[in-house]
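A single chain, nothing else alongside it, follows as structure tokens in the form predicted on its own.
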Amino acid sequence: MDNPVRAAILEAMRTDSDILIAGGGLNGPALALALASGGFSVTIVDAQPLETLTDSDFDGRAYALALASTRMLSALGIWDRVAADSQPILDIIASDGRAGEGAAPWTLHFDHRELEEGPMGHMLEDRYLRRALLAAIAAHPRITHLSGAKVVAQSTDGAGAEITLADGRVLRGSLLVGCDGRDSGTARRAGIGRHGWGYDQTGLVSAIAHDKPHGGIAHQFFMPSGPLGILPLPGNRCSIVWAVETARAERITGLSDAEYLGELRPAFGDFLGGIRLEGARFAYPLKLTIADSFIAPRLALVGDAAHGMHPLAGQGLNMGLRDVAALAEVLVLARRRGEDVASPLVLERYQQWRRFDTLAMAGATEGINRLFSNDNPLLRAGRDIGLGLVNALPGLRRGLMRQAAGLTGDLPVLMQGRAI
């Protein structure tokens, strides 16, 4: 064989890592840890500079981690690093009503004492989870983390996937995974379209300090303009996710902190006493968006790159972590069987596992939002009675609690708290 031909073949077979991950966030590092624990070498390309990622200041962002997600983080060696900074979600109370009038008499109450497993989940601030994940990937010998680097081009062939960075570097691996958010460049460059629609709602997110203790209770208050989630944080603090009409949200976003609180108080109520802002304020347009496919030749999408939905169920990060756990399990088991881990048959297993669950959750959140985000008196009467009936049926209520805790369905082993 001529040396130039042999060199070309060897170059085509070269890989810098087994798996290339475009996008950092939280799902990227979690996937890297899961894959590295299964024997893969992994490179993460993250556009955010490391100093931004490791900022210790509290910016108001926090996540509701379902019990299954905390079990996964425990299996990855992360939960012990952050558990002391988390707040158990002991109870969840869902109610219907109007701002300034309080809740309707019918409520749905999930009491953690009805579950043998304990709390349905935990609240955890972004700064703690992000730093713990970054420390873990930095310490793992099979993981390379390129921060402040941007993918500008990608290609795949029969032998692997290739990405080009803005600084001219070219990296090659067996598989490319997009963890780069709802506006995924990985999906776009692969020709994967998206379907969905906006809700004409914007999610206003911030942390609130309050005078009275919250008792570890999460509240979901459904109002005609959209739901208000009040989620407990350590101490006398909570995280709010407040969905309001986009035009009103634009006006509220431009207000001072004092004026912002003036808008919030009628919806929030006074059950926690006086309230104050803590940390930054954020605003996110709310929409449903699902990729037409979660896979392409030698490529897979995870988390928001694959799907984004209304935050009323608090399942955004949990759904992404389920993707991570499922993809890692599919790839690790395929490798143990001697398969090409990026073959269409292997990647289709991941898509089949995750697509139905994603569509079911998207449909549920869509239906709940449309049912409750209105002031139709007939619908209001029907949904209030419905909340009361569910609350009165222990078997149904307990089933919904297990679903909220992420304990239902075909769970990946990581979400059972076990290593792959």
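Because the structure is a prediction, the values reported are computed rather than measured. Don't overthink the numbering: it's just position in the shown sequence, from 1.
One more form of this protein, predicted together with a small molecule, exists but is not displayed; see below.
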Can you pick out, from I230, V205, I252, V332, the residue that has a heavy atom within 4.5 Å of the small molecule in the predicted complex? V205
Given that the small molecule is left out here, which of A68, V42, L31, A62 has a heavy atom within 4.5 Å of it in the predicted complex? A62
Give a yes or no on whether each residue among K150, D304 and G316 has a heavy atom within 4.5 Å of the small molecule in the predicted complex. yes
To test your reading of this chain, name the stretch in 135 to 143, 207 to 215, 277 to 285, 75 to 83 whose heavy atoms come within 4.5 Å of the small molecule in the predicted complex. 277 to 285
With a 4.5 Å heavy atom cut-off, would you call D96 a contact of the small molecule in the predicted complex? no
Taking the small molecule as it sits in the predicted complex, is G23 in contact with it (heavy atom to heavy atom, 4.5 Å or less)? yes
Can you check whether P266 is within 4.5 Å of the small molecule in the predicted complex, heavy atom basis? no
Tell me, yes or no, whether P119 is in contact with the small molecule in the predicted complex, where a contact means a heavy atom of each within 4.5 Å. no
